[in-house]
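Each of two forms of one protein chain follows alone as structure tokens, named structure 1 and structure 2.
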Structure 1
């Protein structure tokens, strides 16, 4: 092959590997399987070996993909963290064992390869000092606060020497399902798989949200560690177990048949575990032998990962349906020729948005490869262009809403098209279902089928109609009756006393989930205060960004929404915040908390402010009354010093203000 074409292929491979690596490590997304990614890397390795004149120092064959974001606090690892070489067949495992064995007795541990997020825990004098992500192998992001929410990671251990302990953070499968159900009800984007959910969670700014997701951990290795009494991986795992860590399931094996048996057994049993595994790690047990084998630029030579085959099946794309969500978002859904994969029959797969269709260059009639992301969500990952028929049809993304025919709008910086007709029948149905759902106003008995009955009989066409249902007519409907009608009447009546933050969440304001609803209701006393709030006041509130503030402001400027609120109030629904205000000492004073406080957490101080009638905001402005400064305050303190009206106080000053300190 011409050298010019070789160089072009090498550059193209580097670009593709960098693209997919960035998606995986920094955005928790993927467009191709691990196997296809590794094939790209191995092809590049082969070309660089054959044509060394084109090799560069920072080639993806020499460096580990990095999860570091530029805005994060970075900590250097004491000992470098490596990645593992992968094998995808038993033959490759046999070749590896022959290569490292050197005619000695086989002394190997086989360990489950957890499909999670790598973590490094540093302890000194028996106490956890910090926790970092793997990063680029040399340094990682500080995620200490979030790691402390994981119950299986001890804050103190019975070992006083300095030690780096390494493992995986994972999300149990049942938690993954629960969180995705909640996200769907909240109108939020679903996590593709448990690994992505764990990776996304561990970097969140709100540790309370991290704690609610019930992450867990499994430990398998160390970095910095000096202990002459421990000479094998097996001894190390038992030592870590005694320190109080959850350690990886492992077997000590002494022949190739046992290794192959472990690979085959766990590939078969992987679905029975409470967490995802994507392979088995085969590791030299003896530390002296590990040291002699050493490392490549990316990986230890004394370990390899046997990667299970992601179950992939090919089927035909029969068509694409366009669904309208409660916010008007248009989602394309692939209709597939039914196919059995990972324990169930699949006939639909999400295509996310128009950009995804274009990226795949997808057409009706194409033969596509699907996988189940995290063994749960069907996803199209590839198109077999060789089998494409000449009469295949392009997929035309609609220019108008498929239900009400309103012209679709697309945000300048977004990939999603919206129907902005608030009276679109599809949106109305979804909005009513959302309003009545368990996580919102919680009207038991108003399930999807019942809502559809009421809409079809023209009893309801908007949210407020729920409170004017003719129950005499309702009990005549198919599968209903007097008891159903009475139960529904009682449930609707009970909903009038629902907490304000649940009612606000039920309105379905774009970008306003359950958490933001609580924040708004802790800041404002009632719905009238929110209606009258300016954009500037909304954007000042802690954790309310510009996008959310604009969405809330616009919602309460819409005449139809105000009519809905008035109608709900007339029906007896109370929209008053339950702020738990004990005293009115602070009477609307606005605070910012910055730095590390000595006696109370920032959340505890925030709660005290709100209980005493004050408010916590996020941005320094002339509207701010007080800034409570702890150790190592941020840039907000410097900004506050430039505004004379802002009083700078410490924790003790604040406690004196509310009568908690003499």
Structure 2
């Protein structure tokens, strides 16, 4: 394959992984199964290994998906928290054991892999000091108040040394069902599964609600901990039990057969447990051996997760509905004869796009096999052609938008059809919801139902209308009143001072997720600079590929979008980056860093460049001012040598430039 395509694929994979990771860890939602997600990561890992020149620092293959929301209090972990490597077959488990064991006697613990929300509990002098989420593995969000509502987590323990205790918060399955029934009655959105419900609950602001949800905990490891008497995982788990923790179910095993047996037994018995598990964790028992094996940048080499296969059932396809997304993308959704699978009744499944329907050769009336991918979203994986009846019907993909009737467009590269009517009501509703969501501009009180009310009463038809709502009128709406009007008015008023990168994310530019928004805002000073950026300037930015650059460029060429921005500015939104340039020493000079530097990581240097008003770009061209070359520089250095205007400097030259060294 052409290298260019490889780079594209790598960037694309990175974007995708970042997107799904944010969705999962920050919003407690998902679009693809865990398995598919792991596959994306594995593919990226393989490509990065083969083409290290395209690998960037902080690639998602090296970092843990972060659950940290920007508004929260952050605490650094004393010892890092890791993720786990996954295996999907007994074969892979056998290979793993053989690889790590080189003829030693097998000494392993198998533990249930709790499908909950990981947590870090810090005790000092026998008292719980704080509780944090896993975050990005280095630091997590402070959730102490909510954790204190969980009865199985002791506030005091009989152990005076400083200790970090790690485990999982989960919602018992029956609690999950009870809460969802309650939510349905209240007209609230249902939780997709117990894991999402637990993750959502842990970050709630009202700890009374959290307390009412009966969260529970299961503990399986420690971070900071020194105890010469404890030398194995088994001893550790028993020690934690004695301290009063609810410790994970485990077995200590000494042969491969027993490991496999454990995997198979729990794959069958999992549904009898009162909580969800998504696999088994196989851990080297002996701490000395663990230490010898060490870690990758993301997970311990001394452990692996055996992930259960998703369950399959057959049901009938009754019809296909077509939904319009925020970007106008049309998604077919399968309507199924309701069927019970992996603990819940399912009546819909996503079909992604037209090609997926063709690939499956699917017809209405067909009998289909569905799985809950990653135990969550149902997906059709197979069609039983033998059972196809003569009256089965073709699935007709609409030529026009099912909501506004605009003729659909097809992207030249993709399988997806779009309604490109910027005023399409279906899209408007979703765009407004996106703009006001917590991860974007964060207007509490503009829930889906309220947005719908405002649209129906013709108060809003575009994002900027939010800032011109007539609250006298709003007060009269059903279920609303002076109080909710006042609250909403305040929330809207507060949103005007929202950070620029969150506003930019709220615009809902295709391919521009929370992370890319942040990157754009650290590179450009304000919205005008972004509007005026050329395609070349955009694509130059390190993390921004052609697809994103084109999408950003196009977005700001659209008159309606510019009108929106002007109107938001008139309403008082600033849209200025707070990338805290301390000094403008470098006054916009462009840099590339190549090779390994002696004293600082590339990221640290990058930060220094940005803090001093410089920019880091990705490609060598005449626009480049400096290339900072370290040990084993890449091909970029050779390229740079050919362009006279580019200055080649080393780390200490750079530090001198910004006055850090003389």
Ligand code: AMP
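Positions refer to the first chain, counted from 1. In this text, the rigid core denotes the largest set of C-alpha atoms whose superposition between the two forms falls within 1.5 Å. Fair warning: this is a prediction, and the values are worked out from it, not measured in the lab.
Next on the checklist: Just to confirm, one of these is the form predicted on its own and one is not; which one is it?
Outcome noted: Structure 1 is the one predicted on its own.
Item to check | Per-residue rigid-part match between structures 1 and 2, residue 154 to residue 283 | outcome: Residue 154 shares its rigid part with residue 283.
Next on the checklist: Going by C-alpha fits of the two rigid parts, what is the rotation of the smaller one between structures 1 and 2, in degrees?
Outcome noted: Between the forms, the smaller part turns 63 degrees against the larger.
Checklist entry - After fitting the core, how far does the CA of residue 277 move between structures 1 and 2, in Å? => result In the core superposition between structures 1 and 2, the C-alpha of residue 277 moves 7.6 Å.
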